[in-house]
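In the block that follows, a single chain appears as structure tokens, in the form predicted alone.
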């Protein structure tokens, strides 16, 4: 029997580990909703299965599916991927799922953040989101892990930690009035410290251009190791991403982390602009309250949206000449891991990428 705990992780001696620390498994969800994924999610399911297979070469994977998709997902998944019925509204495990925290003895607990589909009724991406808001609790029950219910809205993709007391986030997301309008920046920062165990919160301004999550940091910048940050970049001063990345670079160049280190920033050139085609847009059902997929719209493509797993790192590939360059730029700063490119355009069409659809459970 799992318990709903009072208090917060920090006061109980728990902290959020870095993503590159050892995992017990990876969690995912299965795409199917026709107002977000074209052709009822069929092309996206192929992409998700490829991501799951890539990760499963390094560590166990569990994917949660709605009841009517169980047989389909089981047939598409490699035999060594665990498929479980886990009711959900959409497939973004990073954002609606649990954040795991550990103590010095290796004990595990779950943070169950409030989830409102990236903005609730004031700019959220779909309605309802009630099943998504139960995902973290269900994962905690499946793993028999005690749970904290955080008293504020937060998505997992809006934060990134170095495991040594430093957290990255963006003002565009966490200060958006459709998340926690009654909380000040200082109050949000204090809450982040209490729930993740960090000592220092580093605020960037905005996320990637046209990112429909209101600027999640996991598409813009991430820690590669303590003191080293990867940043999505473009050299084109006329690209709307340039001033966003330049502002982030300026801030990161002035920050010090919780250990007092200056940050080394690794620029990772973004892919050339990726545009939704007419065929892709026509394959998405139009429904009230869902986010539109319009032909000609630019998508928020970034190589920063990758996932660390045991002995590896899985990167999105877009069929762009920058795909290989991104891996080579990062390889020196991710030593001892196999770096893998996985086709990810179909995931991007749904509004996110590989980091957004995965969530690590620490060892």
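Residue numbers count along the first chain shown, from 1. All of these numbers come straight from a predicted model, not from anything done at the bench.
A second form of this protein, the form predicted in complex with ligand KQY, is not displayed here; the remarks below concern that form.
Hey, of 21 to 29, 336 to 344, 7 to 15, 349 to 357, which bit sits against ligand KQY in the predicted bound form at 4.5 Å between non-hydrogen atoms?
Among the candidates, contact is made by 349 to 357.
Among the candidate residues 112, 280, 172, 212, which is the single one with a non-hydrogen atom no more than 4.5 Å from ligand KQY in the predicted bound form?
The option sitting close enough to the partner is 212.
Could you check which residue among 188, 125, 263, 274 gets a heavy atom within 4.5 Å of ligand KQY in the predicted bound form?
It is 125 that has a heavy atom within 4.5 Å of the partner.
Quick one: does residue 218 come within 4.5 Å of ligand KQY in the predicted bound form, counting heavy atoms only?
Answer yes; at least one heavy atom of residue 218 falls within 4.5 Å of ligand KQY in the predicted bound form.
How about residue 95 - does it come within 4.5 Å of ligand KQY in the predicted bound form, if we only consider non-hydrogen atoms?
Looking in the predicted bound form, residue contacts with ligand KQY include residue 95, since a heavy atom lies within 4.5 Å.
Given that the partner is absent here, does residue 197 sit within 4.5 Å of ligand KQY in the predicted bound form, heavy atoms only?
Because no heavy atom of residue 197 falls inside 4.5 Å of ligand KQY in the predicted bound form, the answer is no.
Heavy atoms within 4.5 Å of ligand KQY in the predicted bound form: does residue 118 have any?
Contact with ligand KQY, yes.
With the partner left out here, which residues of 42 to 62 have a non-hydrogen atom within 4.5 Å of ligand KQY in the predicted bound form?
None of them.
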